[in-house]
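Okay, here we've got a single chain as structure tokens, the form predicted on its own, with questions on binding and movement later.
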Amino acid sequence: MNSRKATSAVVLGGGLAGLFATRVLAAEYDKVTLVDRDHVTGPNLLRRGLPQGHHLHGLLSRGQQITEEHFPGITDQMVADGSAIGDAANDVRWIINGKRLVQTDSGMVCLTASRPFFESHIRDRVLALPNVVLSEQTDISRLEVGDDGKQVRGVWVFPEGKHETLLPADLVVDASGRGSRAAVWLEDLGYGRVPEEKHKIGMGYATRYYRIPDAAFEGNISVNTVASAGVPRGCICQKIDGGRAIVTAYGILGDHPPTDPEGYLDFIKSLAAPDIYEILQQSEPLNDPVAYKFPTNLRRRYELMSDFPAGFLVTGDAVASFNPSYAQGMTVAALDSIVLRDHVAGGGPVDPLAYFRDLATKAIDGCWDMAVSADLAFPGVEGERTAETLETQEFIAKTQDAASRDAEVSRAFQRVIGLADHYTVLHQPHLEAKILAS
């Protein structure tokens, strides 16, 4: 007879970070409860907890690989249900500094769909797991902590229409997003203030949906005109589910696209290349533009803390949220889940500080450094421009220029920004020679 005590985990937040975490924990714990304040299984897929859900979201190649690893066959299912698919470098038209990168086979899969589409497909797979329980329309109140304050033993919640309820757990994972209260809880418990790093970018974007003829895309599934220091405005026009296209225009430092239809088109017409404006001349708008603002990059440096309670971890945007124009958020959430999987493997106790150190080095640091360095290329963005930063920016500018003429450099560069390869591949001697010769 097996007398082993049943184990349980609770995940706070039903977005992608929470869904990935739940999938990982379900392989190690007897029961996993997923808590979200929204009605996530209801007809309105644009849930309250994702105010930016109306706008474009990109799943980078590495994120697609991890998603398929967690949920075998989900890529084919998404395509069958309406997602567009292609090669991330051959079927996506990238325009940087007004120059079109060479399109070439990269071996990376690109899936394009709306954020609710991605979430609903992944959520369906998670909720089909026999040991996963969903507690939706449930507000999170506070942590349950042992008498010595060193061990989190669960979380108190308010299910809609019910009294405050304790969900006991051997492990609580906070995936509640940028508005996470984990740092406040920890300070209240006497662990001190969580160090934070912020970079003000003053980004604003506006999104409009269209019906666009296939011929207008000229065989591409996405056209991406990237903002640069010369023209600090950008736009992405992408095929998505439902036979629609999504167009998200953006600008930084307060230079935001208007939400009136005429002003919106004028903003897109002012970009460094005319491609998207010309596509929209052949298209039928389905709604008026909708705006959203993203003022700062934010990173909570849990790995720098000297002490942390056992039985509690944080993941996703609750740890780091990036400039959304780089489309790293969903993929970083997927990378976080791989770190979480490594630390819960075997079912033993998890060392939270070791987890946060690995989260930093294996999932966040590279993407954070890439995003911050790119932001600092815009003269008005505040922040220290070290000699190393300036050298990196110069090298990336040369790489982008070379990628507009050389297929091998283009392939390597796009695999790096897709997080499929480490940036050091660009310094391989034969590639670096091509880049520095530009």
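We number the residues from 1 along the sequence you see. Just so it is clear, the structure is predicted and the values come from calculations on it, not from any experiment.
The form predicted in complex with a small molecule is left out here; the points below concern that form.
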Any non-hydrogen atom of Q52 within 4.5 angstroms of the small molecule in the model of the complex: yes
Distance check, L56 to the small molecule in the model of the complex, heavy atom within 4.5 Å: yes
Proximity of P324 to the small molecule in the model of the complex, heavy atoms at 4.5 Å: yes
Any non-hydrogen atom of A9 within 4.5 angstroms of the small molecule in the model of the complex: no
All of A17, D36 and D317 within 4.5 Å of the small molecule in the model of the complex, heavy atom check: yes
Location of the small molecule contact in the model of the complex, chosen stretch of 76-84, 267-275, 302-310, 324-332 [non-hydrogen atom, 4.5 Å]: 324-332
Residue among F117, Y292, Y209, F217 with a heavy atom within 4.5 Å of the small molecule in the model of the complex: Y292
The single option of G154, G202, G177, G366 touching the small molecule in the model of the complex, heavy atom within 4.5 Å: G177
